[in-house]
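Given next, in structure tokens, is a single chain: the form predicted alone.
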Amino acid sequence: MKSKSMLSLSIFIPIFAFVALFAIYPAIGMVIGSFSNGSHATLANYKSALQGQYLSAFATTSLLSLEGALIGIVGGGLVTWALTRSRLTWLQSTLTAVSSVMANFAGLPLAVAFMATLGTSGFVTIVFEFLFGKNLTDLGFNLASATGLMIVYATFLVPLAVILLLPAVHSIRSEWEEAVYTLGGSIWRYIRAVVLPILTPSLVGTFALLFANAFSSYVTAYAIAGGSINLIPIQIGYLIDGNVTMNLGLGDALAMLEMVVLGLAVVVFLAMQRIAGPNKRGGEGRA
């Protein structure tokens, strides 16, 4: 028994080593670096991180992330609702598969796809100008803006919301809707009295995870907006790679503050998952 136990634990050694090397060790270095100013410990990095352009970057990043999460939860919620009420199984399986792919389609490939489509020389931009004689830029649209970035974010936030909300929406039984109609209620009464109370924990948790996803997006935001939008991940990149000025301590401090924000979002998500758990099990138990 003892040998079997040791063998079972030894299987996890590569995983523990990987986590320690690529997660724990960098995190410890980031914590130490955020309190370091070359030769001595200091809080100056955190003071700098919470003022001026960096405080503004936190505000801008938070606002864009909230807007992106709102778009994701509304769009994803509507798609999920329509998907679960459809009788076409092939449509359900197809859209679920597409959502799984699109939820992970971010980073540089997504940015390049949008630049080739809606950029200043993108396909849609050129076709629109050919058909209507006006450029999208002349109409006020700019991909490298907050609006353009929201469109890009929606591409992966809406599918991610679909994937996260599907289990919760599937837990709602059709008999509950029939009971509401039998008692003389309407579809809006059903949504307000049954659906929303059951889905609220899942909606809040999904919103928190979408917020964290948008808040931490770096490659997509940098490739699309560059320095035109003051975002925390972009500022951290500037401070670490030295494109403008290198300040590893300040970059570590900003990264630590970002990790606090992301950690809080994950805590909210996990808490809402625990609350939503009994609802899901209750729905499954009645099925």
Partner chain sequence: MHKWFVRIILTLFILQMALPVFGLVLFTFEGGGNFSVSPYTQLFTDSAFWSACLQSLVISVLSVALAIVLITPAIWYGYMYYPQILRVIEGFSFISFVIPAVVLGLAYVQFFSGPPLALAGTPALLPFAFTLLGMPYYVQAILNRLRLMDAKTYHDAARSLGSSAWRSLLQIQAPLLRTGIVNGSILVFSMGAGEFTITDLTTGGSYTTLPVYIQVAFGNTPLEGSAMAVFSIVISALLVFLAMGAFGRKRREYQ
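Numbering follows the first chain given and starts at 1. In this text, the rigid core denotes the largest set of C-alpha atoms whose superposition between the two forms falls within 1.5 Å. On a predicted model such as this, the values are computed, not experimentally measured, just so you know.
One more form of this protein should be noted, the form predicted together with its partner chain, which is absent from this view; the next part is about it.
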Considering P159, G148, G205, G119, which brings a non-hydrogen atom within 4.5 Å of its partner chain in the model of the complex? P159
Three residues, I11, L21 and G263; all within 4.5 Å of its partner chain in the model of the complex via heavy atoms? yes
Is Y218 a contact residue for its partner chain in the model of the complex, using a 4.5 Å heavy atom cut-off? yes
Taking heavy atoms and a 4.5 Å cut-off, does A97 contact its partner chain in the model of the complex? yes
Tell me, yes or no, whether L83 is in contact with its partner chain in the model of the complex, where a contact means a heavy atom of each within 4.5 Å. yes
With the cut-off set at 4.5 Å between non-hydrogen atoms, does G226 touch its partner chain in the model of the complex? no
In the model of the complex, which residues of 32 to 52 put a heavy atom within 4.5 Å of its partner chain? none
Classify V267 as shifted (yes) or not shifted (no) between this form and the one not shown, where shifted means its C-alpha moves by 2 Å or more with the rigid core superposed. no
Indicate whether G226 shows a C-alpha shift of 2 Å or more between this form and the one not shown, with the rigid core used for the fit. no
Does P26 show a Cα shift reaching 2 Å between this form and the one not shown after rigid-core superposition? yes
